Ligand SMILES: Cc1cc2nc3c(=O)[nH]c(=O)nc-3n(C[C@H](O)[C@H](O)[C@H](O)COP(=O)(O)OP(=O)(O)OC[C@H]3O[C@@H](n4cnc5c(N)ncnc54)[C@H](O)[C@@H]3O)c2cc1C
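Before any questions on binding or motion, here is one chain by itself as structure tokens, the form predicted alone.
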């Protein structure tokens, strides 16, 4: 299956396929409608909708697949748009020091280019319900505002009785992504939207809380928000890991039920788990590190290969040019999810899978390592 993963607009000799499917995941060739400079180091990329429009939920992410220096690379970026208010889906990309993809996209991408994009994914989302009346509290830092922006616009548009509050931390006024849009949303929705900016560097032009978003400051800021019943309030957080740890600790101290707290991580955690088809919670038995044969069934085609102790299943497959689906490669997005129908697989990280998925024997090949010789994984 061949694609031109990143190409310039203009006359083409051969029509590229607009949609392809691999392992039940759709890959789209999307034309860039507009690239907006949000800050000095962040852009938003808006896509033209194809003939069969892409549907997505607020807060989900797209995986972009450009070719950089002759190599196809993948990175997941959260949507900044709302499917209820924006005609063109978009993602925001902030430069990361040394980041191959983020710097490439910020430097090279322009309107008219075509980019390969995986279908939207992710569980950090919300389903608006016009009959609901609730308080959605959003806590973000830096580029973590991206999925929160999508959620905020969706709830404000579809739930007329609901309130949205945002606490948003940044280093400086210049680094605030979507500052103008947030000001406009506040003006439009007035009493239904409250935004509190928190800056490390005190601005000259306006007053706002300063310092790091630590528990003491968080408690004070939460008191400034409209006070709703606990059962009617949900919390969504996205940002640097340190910030989210502070938020989780604070909400725990305030006795907020765990089921009302949602988080989106851009980096993997540190949990370890052993999963398999028949007994996913049980110990893996002989887990001595050694080479083991694995069978992966993808779209009905069987691939057998040996996985070395220092490699994951996905890494090994890609080295052998077996085109398994994947995105984040850190166990968060579930693009590489497959069902272990035989044998045992150890996961370095399981945050991306729900308890029910784990119990059913689902594994993630990007963080999966075989610990028995009879591993069979079915994808698609």
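What we label the rigid core is the largest C-alpha set whose atoms superpose within 1.5 Å from one form to the other. Residue numbers count along the first chain shown, from 1. Bear in mind the structure is a predicted one, so any value in this text is a computation, not a measurement.
Keep in mind the form predicted together with this ligand is missing from the figure; the text below concerns it.
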Please name which of the stretches 129-137, 153-161, 90-98, 185-193 has residues with heavy atoms lying within 4.5 Å of this ligand in the predicted complex.
90-98
Candidate from 233, 125, 295, 102 lying within 4.5 Å of this ligand in the predicted complex - any heavy atom
102
Find the only residue in 78, 170, 165, 246 having a heavy atom within 4.5 Å of this ligand in the predicted complex.
78
Can residue 265 be called a contact residue for this ligand in the predicted complex at 4.5 Å between heavy atoms?
yes
Is the gap between residue 317 and this ligand in the predicted complex 4.5 Å or less for some heavy atom pair?
no
Going by a heavy atom distance of 4.5 Å, is residue 143 a contact of this ligand in the predicted complex?
yes
Is residue 333 close enough to this ligand in the predicted complex to count, meaning some heavy atom within 4.5 Å?
yes
For residue 41, is the CA shift between this form and the one not shown at least 2 Å following rigid-core superposition?
no
Do you see a C-alpha shift of 2 Å or more at residue 59 between this form and the one not shown, with the core held fixed?
no
